[in-house]
Structure formats: structure tokens, C-alpha cells
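Okay, so here's just one chain, in C-alpha cells, the form predicted on its own.
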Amino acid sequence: MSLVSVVKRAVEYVAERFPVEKLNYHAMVEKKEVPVHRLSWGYYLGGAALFFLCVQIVTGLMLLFYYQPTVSDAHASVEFISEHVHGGALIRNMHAWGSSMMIACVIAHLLTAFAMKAFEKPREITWVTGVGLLFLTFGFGFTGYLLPWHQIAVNATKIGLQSIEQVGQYLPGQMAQWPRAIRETIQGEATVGQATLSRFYAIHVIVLPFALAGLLGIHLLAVQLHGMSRGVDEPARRREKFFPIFIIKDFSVWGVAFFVLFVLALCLPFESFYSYPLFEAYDPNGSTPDGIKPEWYFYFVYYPLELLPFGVILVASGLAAVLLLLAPWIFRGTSRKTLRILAFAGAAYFLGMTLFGERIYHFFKGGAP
């Protein structure tokens, strides 16, 4: 195949995924319709995730006015925000609750999109960028967890960084040194300290937001150009106008989401569910607290890691990531019924590990929960 043919096919591929002739008000607003069927509720999850992202941006910017990214002042600045800044506790709670809700919506959105086979041609790039956004969302959770610089956050981060280095023992030759180099680059010094906090802060507020803006722009453009996916095998009973009907409904979901988030943040501090002294400032000479574990959205990896060899989890995680990224090609000929079963199984596993992971762990270890 000649270079000209390769370039021509590449241009045709991109043109089919991004039909620029639809970049007009008529095609993207007036003509656009949304199918109505038994899974139509799934169309609102992406919008809900976008809403919580907006909440994170606004509340995060507010917190930046007072937060100090130094090991000597980070914890004190968080306490100052919570106890002395007018509305500070509310904003911080909204940021904490909003992050969990955003991650929950992103996961639910991915599972429903998979069940509805929303990655069908020509929506492959829409799917791949969506999976990339999922990974970035977890990155936000991991980097943001360290910023309050309390005893639990620092020790949990140490474990997370050590896990990166552990990957090296399963890689051949010089590749075995790569994970260690990655860990040292992220950590910045011999142990978790000021360099680590500075780098996590930079990643959380600069690197990841820029990466997310790029992927989200491509993702939303692709969604707008191709519209909502068919979703089900049978023809939709009816279709409704994207504007104003669907938009009004979408904004209604945003309103409900804001009300729930505001009430939660106002009445229930995010740390209420933790049984350990979350606000104790990090002491490098102190002991590792009992019951240390990551945020709930990492339980699906954390508890299996506690029960199974690291290599098994590494291979399983790698395969899962590859399956997600290449789903448009791996599951191209798979029926929606089979995809719904797989999505349900994935949801059951995630919920099971999130809600009952500790009990499962103690059951197999033979200890009391």
C-alpha cells in the first residue's frame, strides 16, 4: 500500500468520525433528535458528570484562594478554610462530595454507554476519549487526596506510589526500571515530602485540567456531531427534539443534582463516614494509622490487592484497561443483550467491592470485620 493510499484512508477515517459539514446550528440544534426508549435515562448521566465537573472547577478555584501547598501550611490552611472562612466548610464539603458524585456518574455513564453499544461506528473516538476521561477522573481523585496533608492521606499516597514501583518486578530487562523512575518522578524526592506535595498540586490543578479540557472538547464535539447513539436493537418508540426538550430535561437533572449536593454539603461533612482521625496533621515520626485505605472508588482494586498476588491484579487491571480502550473493535460484532450482561456484571463487581469489600476481605482472611 502506497503512502498516498495510507494518508487518504486516514483522512477518510477522520472525516467520517468528525463530519465537519454538520458544524452548523441547523444540524447540531434544530435537526438533532434524541431517541426515547427504556434506556433513555442513560443519556443524562454524561450531563450529570459534566455538571459535577463544573462544581469541581468552581469550588476548586474558591479553595485555591486560601489553600497553601506546603508541608508546613497545607493542613493548617485546610483547617482555616473549614473553621474560619465564611462558607469555607460548605465549599470544601461540596468539593469533596462533588468529586465522589462526579466519579460515580462517570463510571455509571461508561457502563450504560457500553450496554447501549454507544461505541459503534462512527463513534469509536467518542468512546476512546470517554475512557481517557475516566482515567483522568481517577487521577484527580488520587492527586487531590494528598493535598490536605493529613496522616491518612500521606500514608495512603506512599502505598499508592509503592504500588507503581512494584510493577517493575514483572517487566523484562531495562523496562523493569521504568516504574521506579515514574515513581521517583512523581514523588520528587527520597520520601513523600514537599516535592511530592508540590508535584501533586501541579498535576491536580494544571496538568490534569489541561488534559481533561482537551479530551473533553473532542468528546463533546463528537457527541454533538453524531448525536445520541441508538441505544437499543429495536427502533425507538419516538424521538424528541434535542433543543429545547432534552436540554430542559438535562438542566432539570442538573437542578436536582445541585440540590442534593448542596443539602449533603450543608448537613453532612464528608469525613463523617471515616472512623479514624482524618484531621490529624501528618507527622513523619508518627506511626501508620490503623485501617488505612484509599477512597471508596479505589476499593474495586484495593481489596483484590489485599487478597490476591500483585501480579494477578496487575494482569487483570491491564487486560481490563485494554478491553475498555479497544471495546469498539473487540466487541464490534457483539449483541447489545450480551453487552448489557457484561455491563451488569461489571456494575455488580464494582458495587460489591465498594459496599462489601471489607466484609469479603475479612471473610477470606478469617478475621472479624
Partner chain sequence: MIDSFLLVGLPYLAITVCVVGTFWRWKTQAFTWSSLSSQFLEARQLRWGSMPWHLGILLVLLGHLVALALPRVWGSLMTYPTLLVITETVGLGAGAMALVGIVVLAFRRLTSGRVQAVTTTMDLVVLALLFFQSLLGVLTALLHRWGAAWSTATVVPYFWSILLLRPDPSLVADLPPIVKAHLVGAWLVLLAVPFSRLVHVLALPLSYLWRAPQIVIWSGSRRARMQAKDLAVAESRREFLKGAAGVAVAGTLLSAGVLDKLVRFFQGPKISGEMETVLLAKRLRHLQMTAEEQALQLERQKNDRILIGRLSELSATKGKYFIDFHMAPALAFLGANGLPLLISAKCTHLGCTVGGDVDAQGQILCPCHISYFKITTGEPNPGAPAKTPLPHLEWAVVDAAGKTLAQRTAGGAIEGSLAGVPPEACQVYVCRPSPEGAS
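These figures come from a predicted structure and were not determined experimentally. Residue numbers count along the first chain shown, from 1.
Keep in mind the form predicted together with its partner chain is missing from the figure; the text below concerns it.
Of the heavy atoms in Glu240, none are within 4.5 Å of its partner chain in the model of the complex. Not displayed here, its partner chain is kept clear of Trp41 by more than 4.5 Å at the level of heavy atoms in the model of the complex. Although the partner is absent here, Phe300 is not a contact residue: none of its heavy atoms lies within 4.5 angstroms of its partner chain in the model of the complex. Using a 4.5 Å cutoff between non-hydrogen atoms, Val71 counts as a contact of its partner chain in the model of the complex. Stretch-level contact analysis of 206-214, 135-143, 98-106, 74-82 against its partner chain in the model of the complex, using heavy atoms and a 4.5 Å limit, identifies 74-82.
Interface residue among Pro269, Gly227, Gly168, Pro122 relative to its partner chain in the model of the complex, by the heavy atom within 4.5 Å criterion: Pro269. In terms of contact with its partner chain in the model of the complex, the residue from Ser252, Thr185, Gln162, Gln174 that brings a heavy atom within 4.5 Å is Gln162. Heavy atoms of every residue among Met62, Gly88 and Lys158 are located within 4.5 Å of its partner chain in the model of the complex. Residues are counted as partner-facing when one of their heavy atoms sits within 4.5 Å of its partner chain in the model of the complex; in 243-260 only Phe258 qualifies.
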